[in-house]
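Form predicted alone, single chain, as structure tokens, below.
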Amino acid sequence: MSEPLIRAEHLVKYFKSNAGRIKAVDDVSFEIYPGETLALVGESGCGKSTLGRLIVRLLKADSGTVTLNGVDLGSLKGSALRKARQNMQIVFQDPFSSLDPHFTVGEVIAEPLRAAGVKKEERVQRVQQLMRRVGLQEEDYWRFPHQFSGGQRQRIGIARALAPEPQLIVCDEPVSALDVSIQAQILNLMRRLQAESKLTYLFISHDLAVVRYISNRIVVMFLGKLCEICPTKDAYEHPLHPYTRMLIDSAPEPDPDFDREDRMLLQGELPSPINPPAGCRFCTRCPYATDECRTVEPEMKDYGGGRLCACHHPLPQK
């Protein structure tokens, strides 16, 4: 296997609140390899978006490191950090609020090129090329974001992310605000662009159907901690962590012949991120929890085949 493009090690990010410290990301480590789509999944409030912003240095970690091509991003400042950021871009969930309404489409897409010092004539040519690549018309250059549909606005956001020719794009719920038919168009566009430009995606989502379609590997996150890392196929067919199984079983299943009798559904309230359980953070919702789970935090163990799981009592494999 090739060397990781991104290596995150022991990342920690807490936020202050009136009630105490919110443990959004708590000692998280994983790797992203060139050309893959790594999906980051979990319920709302588990820390997915915070982790994505830590990866691209939109947020600074309280501790831990993120390396890009072996370079510690935390050690970079000024022009060195700006140059590194050209290699990491982000596509946001809301394709309207993430675009400056005072800029034309051409100006929005050209923004990272302007920041990189690309001359105006070259900027215009590159923007027009990018617009064609994502399915926009050249005459759209002078229109404003509010004149476009949600799917078209997300195409604009994707073009902007592509502008500095990054290796990594963090996709933070990029299709959750779109209709299902438009979701499929955007996902197919992303897969085509990945093949053309050898892009690497960190794809953040709570939609398990979307994740199954687009990802190569899955990272499952719960309340600031990682539960499981594995190939996508294994997550759906033979999950190790009970939370992974429950996430998948709780997802809507359109097949009327699907056997719903054996499903494990999520129950109970999400524990407080300010005062999480002492042992395994999932223990209050897990039907297999024991005294060990309630008192001892499980370590991430390697089960072979690219499968890692942090659970005292992993699910039996067929």
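Source: prediction; values computed, not measured. Numbers for residues come from their place in the sequence shown, where the first is 1.
Not on display, but discussed next: the form predicted together with a small molecule.
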Could you work out which of C46, V56, L38, A61 is the residue within 4.5 angstroms of the small molecule in the predicted complex, going by heavy atoms?
C46
Exactly one of D140, E111, D234, E173 comes within 4.5 Å of the small molecule in the predicted complex through a heavy atom, and that residue is E173
In the predicted complex, does each residue in the set F30, R245 and I248 place a non-hydrogen atom within 4.5 angstroms of the small molecule?
no
Taking the small molecule as it sits in the predicted complex, is H206 near enough to touch it, meaning that at least one heavy atom pair lies within 4.5 angstroms?
yes
My question is simply whether A24 lines the interface with the small molecule in the predicted complex - judged by any non-hydrogen atom within 4.5 Å.
yes
Decide whether P273 counts as a contact residue for the small molecule in the predicted complex under a heavy atom distance cut-off of 4.5 Å.
yes
Considering non-hydrogen atoms and a 4.5 Å limit, does the small molecule approach Y303 in the predicted complex?
no
